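Given next, in structure tokens, is a single chain: the form predicted alone.
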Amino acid sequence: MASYYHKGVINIRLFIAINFPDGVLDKISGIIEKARENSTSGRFVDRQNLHLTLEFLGKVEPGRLFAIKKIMDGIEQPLFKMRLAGIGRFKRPEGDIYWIGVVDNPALFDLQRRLHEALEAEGFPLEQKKYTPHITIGRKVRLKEGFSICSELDGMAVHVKKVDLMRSELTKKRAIYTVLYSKPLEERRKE
């Protein structure tokens, strides 16, 4: 188990995320496989680890899990749809980080903002940088000359029905993400 010890307490790495249905995972995995075949180096994200982070909590004492669940339960958010938006990258000297973008979405930004504010009010130390939603697909990637990653996902709709509290365990070989809690979003009532 790759947890962290602090003053005799086992801390666990946590984040809140949107996970994807199989159809979306299959399409993203296809893009990753093409990139892997046309790269000279890089670490590509495993299919089961693809997600969109809403808030990274870092190392948290297990006793605070109840507070996080309570915050998630307190967020009233109807189901919403978001659209994926092409491939981007963050340039790095050791190799680039490639990601899939998301079309600007007021419901997504509102959900993230409300989670951030509620977690911060409960004393969770959070990053203060601007939220830029993206799905990381590879790190330290160097593509073969002449190849660029193409996305068949532009405009693909993803129906967001829940948000998940995730545990992140870092092993020597890979990261293992486990859903600890799911907060279903609300169905809109037709009047």
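Since the model is a prediction, treat every value here as computed from it, not as a measurement. Numbers for residues come from their place in the sequence shown, where the first is 1.
Form predicted together with a small molecule: not shown, discussed below.
If the cut-off is 4.5 angstroms on heavy atoms, which of these, Thr136, Ser29, Ser151, Ser39, is the one near the small molecule in the model of the complex?
It is Thr136 that has a heavy atom within 4.5 Å of the partner.
Looking at Glu61, Glu33, Glu127, Asp46 here, can you tell me which has any non-hydrogen atom within 4.5 angstroms of the small molecule in the model of the complex?
Here the answer is residue option Glu127.
Is it true that Arg13, His51 and Phe56 each have at least one non-hydrogen atom within 4.5 Å of the small molecule in the model of the complex?
Verified in the model of the complex; spot residues all in contact, yes.
Can you work out whether Tyr177 and the small molecule are in contact in the model of the complex, taking contact to mean some heavy atom pair no more than 4.5 Å apart?
Heavy-atom contact with the small molecule at 4.5 Å: present for Tyr177.
If contact means any heavy atom within 4.5 Å, which of 154-162, 136-144, 118-126, 66-74 contacts the small molecule in the model of the complex?
Heavy-atom contact with the partner occurs in 136-144.
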